[in-house]
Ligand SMILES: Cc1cc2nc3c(=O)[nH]c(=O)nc-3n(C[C@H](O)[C@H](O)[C@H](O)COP(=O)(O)O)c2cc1C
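Next up is one chain by itself, shown in structure tokens, the form predicted on its own.
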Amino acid sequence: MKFLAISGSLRAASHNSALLRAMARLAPAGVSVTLYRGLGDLPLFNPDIEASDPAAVADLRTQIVAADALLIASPEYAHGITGVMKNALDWMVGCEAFVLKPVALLNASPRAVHAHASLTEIVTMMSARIVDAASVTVPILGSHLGEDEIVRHPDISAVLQSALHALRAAVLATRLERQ
């Protein structure tokens, strides 16, 4: 089972990216989590060039379609998701990559309520299936926890593993529905 993780931050020291990398390390047997690294390569969304299918956009779409589920984490900037995250999602609106795709929305800061609400609205409009049991907020911002510390933290790692199991269960349920 393949999960694609998308961080809405381009920062090297991103808490959201560290959270997603930690989840990759905590994934249960039979589940692989791959962090998408091309967010900064996407051109700005422009309907005039959408039909030309820019290579970076085609690559993102291919990776989303190939994934059984998505893990999305975005920091909050000015009461919303980051521009790069919104840009990536805008590129995917015109295709069916998100339709019925199980999605876990992750939040590295309990204060980032506006970004989480915005992300929920956008992916719901794109017809994704948000898996509530897999969508968690973990208090990483301000904790000085890096990827290694997140993995070793007993409470946080237990929450993340539970979220991964819930997302896995949602994928299996989706497969049964399609049969």
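Numbering starts at 1 and runs along the sequence shown. Computed from a predicted model, the values in this text were never measured in an experiment.
What comes next is about the form predicted in complex with this ligand, which is not displayed.
Figure note: of the listed segments 151-159, 165-173, 5-13, 21-29, the one touching this ligand in the predicted complex, with heavy atoms no more than 4.5 Å away, is 5-13. Interface membership of residue 102, defined by any non-hydrogen atom within 4.5 Å of this ligand in the predicted complex, is ruled out. In the predicted complex, this ligand stays beyond 4.5 Å of every heavy atom belonging to residue 65. Contact annotation: residue 78 falls within 4.5 Å of this ligand in the predicted complex, judged by heavy atom distances. Of the heavy atoms in residue 141, some are within 4.5 Å of this ligand in the predicted complex.
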